[in-house]
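Only one chain comes next, encoded as structure tokens, the form predicted alone.
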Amino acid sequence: MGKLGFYFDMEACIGCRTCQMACKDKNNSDINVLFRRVKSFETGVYPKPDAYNYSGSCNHCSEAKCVQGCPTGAMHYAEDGTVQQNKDKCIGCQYCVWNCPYGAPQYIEKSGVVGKCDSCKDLRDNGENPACVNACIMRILHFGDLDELKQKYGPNLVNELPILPIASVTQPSLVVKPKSCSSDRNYREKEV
């Protein structure tokens, strides 16, 4: 098996945030702690306005800045190549939070440690999908071997978008079917 990661079809996402809620429920997260976030963006100009949604979490990067910046080894690569965290080793220094250009690690004030998406490793170890994948009502979020996902969903997939950091910095394990929006790159995040 090759590198594991997420596939997201931006073209079909309706921004319902069900994946975000399923992740929050699965991890029993506190208020303001989101390991998966759905953001809505408006783009284009009158008379051709447009909008799109992006569902993102930890991208389990090949060059993960959170792993490189963790002084205790709490952030590490698992045998399957995903970025995992050993909470017993976490000292709450937040270097991983500051180093991740995607904002994936979240400091959890109540426990004094950091948490992040682990791609539901416990579920995957039992042959199940991550909670966000199963919750997606549009069935446009998937997790698996990136080469297989690319083969299944076509050649026009990207891992870099104008709203994300440059992919060459971290090598994210992510493939996205982008939404074709107006050629005007003016966009703004819409508060929901």
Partner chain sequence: MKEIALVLFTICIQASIGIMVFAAVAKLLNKESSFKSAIITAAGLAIVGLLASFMHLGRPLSAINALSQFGSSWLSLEIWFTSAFTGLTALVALLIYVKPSTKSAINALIPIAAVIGLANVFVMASIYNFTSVPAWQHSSIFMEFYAAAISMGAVLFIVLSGKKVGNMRRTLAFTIGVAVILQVVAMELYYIQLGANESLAAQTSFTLLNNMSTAMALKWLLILFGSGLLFLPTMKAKTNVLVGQAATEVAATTEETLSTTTYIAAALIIIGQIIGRYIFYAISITGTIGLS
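Keep in mind that what you see is a predicted model, and the values were worked out from it rather than measured. Positions refer to the first chain, counted from 1.
Here the subject shifts to the form predicted in complex with its partner chain, a form of this protein not shown in this document.
Of the residues K26, K39, H142, R124, just one reaches its partner chain in the model of the complex with a heavy atom at 4.5 Å or closer; this is K39. Residues within 4.5 angstroms of its partner chain in the model of the complex, judged by any non-hydrogen atom, belong to 63-71 and to none of the other stretches in 125-133, 146-154, 26-34, 63-71. Contact check at 4.5 Å (heavy atoms) against its partner chain in the model of the complex: all three of C90, N99 and L164 pass.
Along 109-129, a non-hydrogen atom within 4.5 Å of its partner chain in the model of the complex is carried by S111, G112, V113, in order along the sequence.
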